[in-house]
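Below you'll find only one chain, the form predicted alone, shown as structure tokens.
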């Protein structure tokens, strides 16, 4: 049974990649799809970052006594003002380190 699943998944993977490089698929994506794909990075980063900020190691919400929450707010503010990835990462890490060292 597992061999059939592996063969079918392999054929599906091959067919999806073959269609992309052949002349079967259109060369230009529809405009509505390109517009929708613009939201993918925001959704993926939100799904990764928000649980890392507010969920405790035991699985519950950690809002009080959480140094990551104000550091994330500092990083978001820096991102809104500067639009620079390096400044955002640097300000968020700096705020987290300072908050861990001084307050929490």
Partner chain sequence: MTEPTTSRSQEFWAGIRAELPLQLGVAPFGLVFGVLGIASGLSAWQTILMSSILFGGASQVVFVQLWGSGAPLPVVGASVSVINLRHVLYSASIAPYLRSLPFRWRVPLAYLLTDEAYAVTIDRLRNGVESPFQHYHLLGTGMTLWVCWQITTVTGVVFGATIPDSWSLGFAIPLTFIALVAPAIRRRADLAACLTSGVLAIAGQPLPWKSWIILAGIGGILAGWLVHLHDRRRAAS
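Computed from a predicted model, the values in this text were never measured in an experiment. What we label the rigid core is the largest C-alpha set whose atoms superpose within 1.5 Å from one form to the other. Numbering follows the first chain given and starts at 1.
The form predicted in complex with its partner chain is left out here; the points below concern that form.
- In the predicted complex, none of the heavy atoms of residue 65 sits within 4.5 Å of a heavy atom of its partner chain.
- Mapping the unseen interface onto this chain, residue 7 counts among the residues with a heavy atom inside 4.5 Å of its partner chain in the predicted complex.
- In the predicted complex, no heavy atom of residue 103 sits within 4.5 Å of its partner chain.
- Taking its partner chain as it sits in the predicted complex, the stretch 30 to 56 comes within 4.5 angstroms of it through a non-hydrogen atom at 32, 34, 35, 36, 37, 38, 39, 40, 41, 42, 43, 44, 45, 46, 47, 48, 49, 50, 51, 52, 53, 54, 55.
- A movement of the C-alpha atom of residue 17 reaching 2 angstroms or beyond is seen between this form and the one not shown when the two forms are aligned on their rigid core.
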